Structure formats: structure tokens, C-alpha cells
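In the block that follows, a single chain appears as C-alpha cells, in the form predicted alone.
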Amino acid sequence: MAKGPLNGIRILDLTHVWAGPLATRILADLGADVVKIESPTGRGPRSYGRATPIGGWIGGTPGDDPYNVNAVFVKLQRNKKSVAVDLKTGIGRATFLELVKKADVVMENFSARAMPSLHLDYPVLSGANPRIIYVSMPGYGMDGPYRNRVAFGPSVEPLSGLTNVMGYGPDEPRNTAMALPDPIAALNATSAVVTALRRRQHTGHGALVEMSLHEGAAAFCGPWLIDHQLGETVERLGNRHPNMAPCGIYRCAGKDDWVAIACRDDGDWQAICATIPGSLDTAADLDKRVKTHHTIDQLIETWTRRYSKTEATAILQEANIPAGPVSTTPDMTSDPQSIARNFFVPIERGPTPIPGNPIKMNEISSADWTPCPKLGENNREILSEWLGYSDEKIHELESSGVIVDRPPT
């Protein structure tokens, strides 16, 4: 496994989609021994006859094992090991509980009713291992009227209040289109794990760590929450800013190229007027710039359309005007700053660059990282090393379909 400050910490990862897998990927990057406990059908069917999944295939094609190359799944599973076990069978649950006895952390982001229905909730797990740290990440928490609802980031986000302030006018609220509550929950979960591990060092006891996807997003509400409570009007400003004008995204030369520009104060405004030729009013203060924002935007965009986003950025930054290009994915992976810092890591087949870990510290390096394991790739390794299972016992589990290395037909 990867080297790092969490070396020696064993995590059983039952998470799925984005919030949970991102959390366990961060912990694995930091050196934790993360074992992904997977359903035999959790990655999809053995043969893929449907349309290309979101994100496509690692390597470009589904190949002979499409369940192992779903790009959205693969990008979140590096540095982990895979045990594919059917927890809906008595033997599967018993095997899992044996693993719990050897683990430090169990993480899941199912609905609040999923683990109790499998008879694998915290009372059961802590009974098997009183030192276990159990992290549960349901959509709305373990109690309350929404307890039994399933949730995804796009459906939780509007409840968080964020959607209320997004959009380009009073009649068109929008969401982020990227399920922002998921990465928020992931970062909360990683913090919770290291906090609980630290607490266990002092108390010797495990813990139930509960977090709500909804509450995690609501905790990120900005000043508009206070404004609402004080009875003030909250406007949807789109790309604009309540205290800066002009501020926005402006089209450049090219098919779909844009540059972001922000004017922090009168000094920036004077620099913009000196850099962008035309009829910009050098004497306009903030109040007047806010009132004439649309006209200013048109004049700025007339200028930006003459340049590529890279050229426009260079000219503006040379004049000390806050500006930057709007990057596409190819821009991001080819950016000289990212390349110089080796941020994107091409360890998957293709090779397909995957975002690295933004935490930089001694003993953390992608040099010893491993790609996403195949389904059930580490069944034998984990069951023999952690539990001392014999080859005969493992073969029995394979023959009965309790553990698998490919989806059932």
C-alpha cells in the first residue's frame, strides 16, 4: 500500500458513488490499508449492452471486463484492495464480521436503513470489535422524518440552500451540476476518521461517527444565510459579485473559450480602462459600475473576443488585473503548473491521468500508488492474511458464490 501517516490503519470501505469513495481514496492516498468490500454486482453486469456510462471507459473501450473499466468508478478506487463478498448471505456476513475484528474503521454511505437491514449496524459491529470506528454517511442522517430517504448530491443540494443563490436572475435558480454536497461530505468524513482515531488513542474506545450529506452542504452556506435571517433581499447574481464590478466570464476567440475577470476596486478599474480600448468611463465609481454592468460587459467582451483566453489572460495579468482562463479538462491536464507539480497521476490504463492528492507533506508520494483493483482481485490475499483462511475454505466460498472475481451471469 501507499506510504504515509496512516500506515497500519485498516479501513473496510463499503461506500459507493462519489462522497464515500472520495473519502476513502484520500485516506488510502495517506497510507491507510483500504479494502473495498463490494457486492458481486456492485460494478455492474458482466456484459455491458447499454449506452456508454458517464465518463466513459478507462482506456477508451469496455473490453472483455467492462465492470472493471468504468471511468467514474475507477478514478475513485486507487490504492485500495477489493474483496467482493455477498453480504446478503449468512456466510458473507460472518466473513465480514471476522474482517471487522481486524479493522480500525468501517465506512459506508448507504441509506440509514441499509446496514440495519443487513444486521450489520453499529451495535453489531461494535459487539464484534469494541475499538471499531464506524462512519455512516446517509443522505439525511440516522433519525428525523427524512431518515429513510435515499439521496444524491443533486437532490440534496437544493435543500442545502445553495441553489437558492445560484442562477442569473430571480426566476431561474440552478444547481451546481456537479453534486457539490458529495465532495463536501468526503472531506468531512476524512476529518472525522482522523479525529476519531486520535480520540481512540486516548480512550481506547471506538466510535459511531454519523454525518448527513444534507447537513454537510448546509454548513457551507455563505453570508446569504445571515442576510435572509436579517430580512434582507438576496439576489441571484450569476457570475457577478455583490462588491465588485465588473466581474464575470467573458467570451474569447475560439469555439468555446472564456476568460474570468474581476475588478476589486477603483485601482483595478483604472487598469481595465487603460488596457481595454473603447468608451469605458474612467470616472465611474462602484455604484455607477454596478448600474451599468451590462454595458461594461459588452464593451469588455468586444475586446476579449479578439484574443484567445490565454492571450487575454496574459495581457490582463500583465496590467495587474485579476484574470484567468476558464479551463477545460484537456487544459487542466496539460497545464504547466499541474505538470510541474505532478498533480495528475497516469497510473490507470490508457494511460488516463487521474487527479492526485492536494495534500503535500513528507512520505506522501504518488510513486508508490497502485491503480484501481479488479473486482475481487484481493479476495484470497485479504482472507488469508487478515483471517488466516486456508485455500480450501477460500475455495468453498468461491464455489458457493459468496466471494467472486467477476459479476454473476
Partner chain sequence: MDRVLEIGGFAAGYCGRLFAHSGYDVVRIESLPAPRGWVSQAASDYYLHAAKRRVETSDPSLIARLAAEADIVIAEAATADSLVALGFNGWQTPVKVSITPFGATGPKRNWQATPSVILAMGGYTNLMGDPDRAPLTLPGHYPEFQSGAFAYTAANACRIAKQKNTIDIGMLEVVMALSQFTTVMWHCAKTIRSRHGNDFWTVVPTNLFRCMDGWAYLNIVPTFWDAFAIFLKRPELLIDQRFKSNDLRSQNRDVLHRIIADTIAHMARSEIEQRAAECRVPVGVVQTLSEVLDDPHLKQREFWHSVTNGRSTIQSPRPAWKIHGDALTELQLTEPESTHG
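So that the term is clear: the rigid core is the largest set of C-alpha atoms that superpose within 1.5 Å between two forms. Keep in mind the model is a prediction, meaning the values are calculated, not measured. Positions refer to the first chain, counted from 1.
The next section is about a form of this same protein that is not shown, the form predicted together with its partner chain.
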property	result
Segment assignment from 275 to 283, 215 to 223, 80 to 88, 97 to 105: heavy atom within 4.5 Å of its partner chain in the predicted complex	215 to 223
Partner-contacting position among L299, V194, A271, A128 - heavy atom within 4.5 Å of its partner chain in the predicted complex	V194
In the predicted complex, the residue from I321, I132, C252, L120 that sits within 4.5 Å of its partner chain by heavy atoms	I321
Residue contact check: L22 to its partner chain in the predicted complex, 4.5 Å heavy atom	yes
Close approach of H294 to its partner chain in the predicted complex, 4.5 Å, heavy atom	no
Partner proximity in the predicted complex: T333 to its partner chain, non-hydrogen atom cutoff 4.5 Å	yes
Contact of G144 with its partner chain in the predicted complex (heavy atom, 4.5 Å)	yes
Contacts with its partner chain in the predicted complex, stretch 137 to 174 (heavy atom within 4.5 Å)	Y140, G141, M142, D143, G144, P145, Y146, R147, N148, R149, V150, F152, P154, S155, P158, L159, S160, G161, L162, T163, N164, V165, M166, G167, Y168, D171, E172, P173, R174
Residue shift check between the shown form and the other one, rigid core fit, Y122 Cα at least 2 Å	no
G267 C-alpha moves between the shown form and the other one by 2 Å or more, core aligned	yes
Exceeds or equals 2 Å, Cα of R289 between the shown form and the other one, core fit	yes
